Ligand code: FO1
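Encoded as structure tokens, the following chain is the form predicted on its own, with no partner shown.
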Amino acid sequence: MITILAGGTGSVKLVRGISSQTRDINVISNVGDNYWLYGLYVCPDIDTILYGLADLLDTDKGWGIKKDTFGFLRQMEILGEETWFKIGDRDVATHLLRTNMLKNGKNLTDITAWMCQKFAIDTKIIPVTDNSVETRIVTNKGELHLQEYWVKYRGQDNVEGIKYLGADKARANPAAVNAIHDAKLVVIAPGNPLTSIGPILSIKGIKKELSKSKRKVVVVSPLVGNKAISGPAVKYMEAAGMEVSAYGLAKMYSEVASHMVIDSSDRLLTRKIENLDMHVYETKIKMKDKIEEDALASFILKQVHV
């Protein structure tokens, strides 16, 4: 069994690639960027994995449902509502059903399992917790929810810090803990280290289980050189005082992982990372299409020896 820690648009590519190689997969999903909008509970990372595995994902955008329409959003605009968060018409159905089920007493784990069934997905998608955790971005102009900072205001303000509101009280999902414990290999997908993977690691029970299992944990770098493959990882790492490099990532992950996959162009950092007691594997990590997704997944499954 393979367990993948996932969040963001970079993660779904590797999840798709690994799912093409093996069916016995668990995905532990970030919930820190979940957001209440128009009275609907939106779970962007969970939904991106759902749509990606169901072959519904708009791969050009990296989120939402392909060929979706936006009549709902246009009507909300006519009614004077803000429309900075682009929810498509078919996408609304997911959020509406999830919200109704939450109001009827279901937890996020059960709802996500039900959705996997409805989308005919064999992979288990497991929210890291059923409790509320919010990733908050501290800026020079105040504190914002991650979605507000990155989507509404397009990441314009200077970042001074990142908080995981509620993480200290959140209970790790027992299914997530078991998925780590029982896995043959645990893969930390190439998501943003501070806003996609960081909220997962902020939950004590998860970090503790990963630390105990670190000999079988591999992290895939989302960086090539000092640049992120996509998204604002560099900005967040700088704000956190981290070195923006595969080595900087390795230092962050060395407590919970013993293996790291880096881009071949970063091979000069291999010895430094190995000094952190991590095994290093070099390959092409950019995934521009399905062939490259499958190639990276195959490399990880064949080359990483735990």
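The first residue of the sequence shown is number 1, and the count goes up from there. The structure presented is a predicted model; accordingly, all values stated were derived computationally and were not measured.
Missing here is the form predicted together with this ligand; even so, the following discussion is about that form.
If we take heavy atoms and a 4.5 Å cut-off, which stretch out of 85-93, 207-215, 124-132, 173-181 is in contact with this ligand in the predicted complex?
After filtering at 4.5 Å, what remains is 85-93.
V42, M278, L53, L269: which sits within 4.5 Å of this ligand in the predicted complex by any heavy atom?
Only one listed residue qualifies here, and that residue is V42.
Of the options L144, M101, V151, V234, which one has a non-hydrogen atom that comes within 4.5 Å of this ligand in the predicted complex?
Of the candidates L144, M101, V151, V234, V151 is the one lying within 4.5 Å of this ligand in the predicted complex.
Give a yes or no for W63: in the predicted complex, does one of its heavy atoms lie within 4.5 Å of a heavy atom belonging to this ligand?
W63: yes, in contact with this ligand in the predicted complex.
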